[in-house]
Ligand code: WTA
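Only one chain is given next, in structure tokens, and it is the form predicted on its own.
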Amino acid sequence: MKTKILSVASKRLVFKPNLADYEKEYKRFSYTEHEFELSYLNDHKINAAYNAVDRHIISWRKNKIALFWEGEDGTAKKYSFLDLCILSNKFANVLKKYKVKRGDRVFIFLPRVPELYISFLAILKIGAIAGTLFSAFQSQALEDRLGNSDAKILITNSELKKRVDVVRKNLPKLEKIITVEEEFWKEIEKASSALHIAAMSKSDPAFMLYTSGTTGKPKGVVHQHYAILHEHLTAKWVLDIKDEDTYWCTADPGWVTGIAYEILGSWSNGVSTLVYEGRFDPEKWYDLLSRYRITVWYTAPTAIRMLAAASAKLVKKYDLSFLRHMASVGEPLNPEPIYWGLKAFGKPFHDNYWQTETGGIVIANYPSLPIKPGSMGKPVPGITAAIVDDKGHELGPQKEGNLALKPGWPGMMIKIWRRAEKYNSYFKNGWYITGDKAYRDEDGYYWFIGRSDDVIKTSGERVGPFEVESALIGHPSVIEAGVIGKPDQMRGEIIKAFVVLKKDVQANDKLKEEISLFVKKNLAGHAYPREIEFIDKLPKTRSGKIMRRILKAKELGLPIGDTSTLEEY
């Protein structure tokens, strides 16, 4: 299979990449040889928050800006590394006042505001486990996550708190809700800035995120403090972050990208980071890129495609000459946005691949290597990847199979919260099975084919069909529902629901809109069906399991395949 190669090798770059010789580093790589890049506490203990922020203040960088923040209304604030160190120390003491101990779960339910970042650092500093919740989550999604984790403290704002209040009676372990308008800053003003930072073992849990699967409720993926080493190195090598850069990662910390590359890995490299609170708007984004002189930009394929679809004149209105390196994550980046990036900015977007479970980038395109448009790239140094069959046996080049990784890198999840059996199910024959189908070409580049399960990737976010189906049947007119991901040029996939209505309920477009808004209100703003089709009966196995693959095959006009387990349909 011949593929066009886009040459962006280092000899043509106007800067020296941090990873100048990929092949040499990959062959000789050892994580232990790079541990010197981190700072340690007593007895070689570690703390990820200390590494991200505090260790920088003992150098000349103590007055360097760590966070440029801009609100949707144009309000701008900035915080140095020293500011973040002191404020997170103070809030850590506030948490200790409320009896938060090592291992307690403290969750953050906020939009992208400074209090989110201060809180996250503070939680890690005292050895508690931080959890972040996407601000679009509604009451049911919040109950699932806060309930399963037994969260002790929640930090939120007065508006978002209303969603939690709806289900508060079902959260007996939630002892305290701290709102940023009322208590957060008042408590910080009274708190001491002197803090004994918890010295953690490498394997101690630092943060957790809930990610969706095809069945059951969302699962809590837990990561260790040592994950910061993998995040630090990949931010340096894949995103090519340098000390003098001003960096913008557009991800929300409710998702793993926002934690790994907007807080931990990026700040560990001492970079100044921009955070914008507002929604996507092409002109506003170009304005931010220009005004803050962004040099490294990390965003999502959906956003790139939406920028490409906007007026071409917008790009020319702004000075974007400071942009040095651009990368993309969240879903596969098809070739067209790469070519558009070259045309619009004079440089390509570099795609990379990882998951919530991997804790950091594991396969990537690098500044020093040629790009094969459409490819995920090559494994990060320290990552051994392969394509394996369903029994975990390796396959050769050009053979489609399961994308697998050798366990043991620092960013890899350490457990699924309270679900040991689920955690163990990820591993087969010595491999971590990602759940994605892919193939490797003769040059060692990996190519994404699709999910091997029914998880939907819409605008870069993973949505479990079971969660959406559960929300759908909460509507008084719905008996049952089946949900699939339908290919969409802009969003990668959209959510389509097949809905069985109760008898005597009239099916019409008004009801479709009502049901869609019902899910949006009760589950999440990104996890609602954009298309609904009313059907009389769902295809199921004889044991009663919805066969989503049949719904998808019919929707896309593909062969239905084996129906031996299908009940009469």
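Everything numeric here is computed off the predicted structure, so don't read it as measured data. Just count from 1 along the sequence shown to find any residue number.
Heads up, the form predicted in complex with the ligand isn't pictured, but that's what we're talking about next.
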item	value
Contact residue in the predicted complex, from 275, 128, 376, 371 (heavy atom within 4.5 Å of the ligand)	376
Option touching the ligand, based on a heavy atom within 4.5 Å in the predicted complex, out of 224, 257, 250, 459	257
Proximity of residue 282 to the ligand in the predicted complex, heavy atoms at 4.5 Å	no
In the predicted complex, residue 448 touching the ligand (heavy atom, 4.5 Å)	yes
Contact label in the predicted complex: residue 329 to the ligand, heavy atom within 4.5 Å	yes
The ligand contact in the predicted complex: residue 354, any heavy atom under 4.5 Å	yes
Segment that reaches the ligand in the predicted complex - one of 225-233, 83-91, 134-142, 331-339, heavy atoms within 4.5 Å	331-339
